[in-house]
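One chain is shown next in structure tokens, namely the form predicted on its own.
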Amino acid sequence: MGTPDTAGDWSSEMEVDAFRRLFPLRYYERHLSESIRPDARPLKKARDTIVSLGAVASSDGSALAKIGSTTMLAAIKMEVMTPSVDSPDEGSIAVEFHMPPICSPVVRPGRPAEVAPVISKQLLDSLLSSGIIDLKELSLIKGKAAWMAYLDIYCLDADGALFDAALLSAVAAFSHLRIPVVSLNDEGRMVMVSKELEGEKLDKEPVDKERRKISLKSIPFSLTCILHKNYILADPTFEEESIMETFITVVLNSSGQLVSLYKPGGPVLAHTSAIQECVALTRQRMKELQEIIDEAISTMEID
């Protein structure tokens, strides 16, 4: 008795899948007309988000961030450098975003993803513009030595909203960062003290007596939204981004102030009302992400 129903359900699923593949936009618009998405999310709801600190033991600060299936691994390595003449009492931040072929079928081996350098630039601009770190805190000896924070972010799964997940992983990695202990050697150069010697009596007094946290001033959070006709979809998947090509990324700091707004073209005009709604959604999302970061920090401290 159950066989015909089972066969009928299977046939129906095949028809729906075929329609989705052949007419993806119409398939999505049928869902949008009912204020629901194919993954059962309301239009303005972000995907489940997870942050885990200390993912890379060999780094000075690291984090793994997941938004839905989109997964980012961020790691920070600190190096001593000579500060620039223009900013003798400041350190620096360098950001590199990587998209290896494992992250997506559209990324081919031997061919760097075109979006990678764009996201690298966006990340650096957002981190510096938000003022998350006072670069003066990275100074060791004015005009002679300062810290360079090398931030590398690896995309492990590219399922949409790459910048949002990358920025979240960067913020989480900086919250986990511990500045290494450094000392002057016999030649007057700054060298790092190995973890085994930290706390031991050294020939030269260390500049930093112990590994220290860095104070985060104004944390940036972002939300990407798809604009399609009169609809706004928060936190799009890769499929949604490929079908509906107009999107806006809003970056706010932890005080709710606008850091940046990014709209890379697209056929839909971004009217003032749409932009205002995207900013309002980002403010809501910012509170969620701050709670997730705080929980990850609390979990790390307990462990």
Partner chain sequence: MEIDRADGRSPNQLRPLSCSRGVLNRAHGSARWAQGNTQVLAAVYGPKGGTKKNENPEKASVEVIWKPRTGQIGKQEKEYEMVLKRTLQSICILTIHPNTTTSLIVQVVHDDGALLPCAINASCAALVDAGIPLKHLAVAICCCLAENGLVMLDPTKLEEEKMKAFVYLVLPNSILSVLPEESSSVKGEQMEHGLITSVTHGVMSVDDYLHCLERGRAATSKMSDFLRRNLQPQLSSDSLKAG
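Residue numbers count along the first chain shown, from 1. All figures in this text were calculated on a predicted structure; none of them were measured in a lab.
Just so you know, the form predicted together with its partner chain exists too; it's not on screen, but the next bit is about it.
Engineer: Given the stretches 141 to 149, 88 to 96, 172 to 180, 74 to 82, which is the single one in contact with its partner chain in the predicted complex, using a heavy atom cutoff of 4.5 Å?
Structural biologist: Looking at the other structure, the answer is 88 to 96.
Engineer: Is it the case that S129, E245 and K263 all touch its partner chain in the predicted complex, with a non-hydrogen atom of each within 4.5 angstroms?
Structural biologist: Yes, each of S129, E245 and K263 comes within 4.5 Å of its partner chain in the predicted complex.
Engineer: In the predicted complex, does T224 come within 4.5 Å of its partner chain, counting heavy atoms only?
Structural biologist: Outside the cut-off, so no.
Engineer: Is G256 near its partner chain? Define near as a heavy atom within 4.5 Å, in the predicted complex.
Structural biologist: Judged by the heavy-atom cut-off of 4.5 Å, G256 is in contact with its partner chain in the predicted complex.
Engineer: Given that its partner chain is not shown alongside this chain, does S104 nevertheless sit within 4.5 Å of it in the predicted complex, heavy atom to heavy atom?
Structural biologist: No, no contact at 4.5 Å.
Engineer: Classify H31 as contacting or not contacting its partner chain in the predicted complex by the rule of any non-hydrogen atom within 4.5 angstroms, answering yes or no.
Structural biologist: So H31 does not count as contacting its partner chain.
Engineer: Going through 113 to 148 from first to last, which residues have a non-hydrogen atom within 4.5 Å of its partner chain in the predicted complex?
Structural biologist: Going through 113 to 148 in order - heavy atoms within 4.5 Å of its partner chain in the predicted complex - the hits are E114, V115, P117, V118, S120, K121, Q122, D125, S129, S130.
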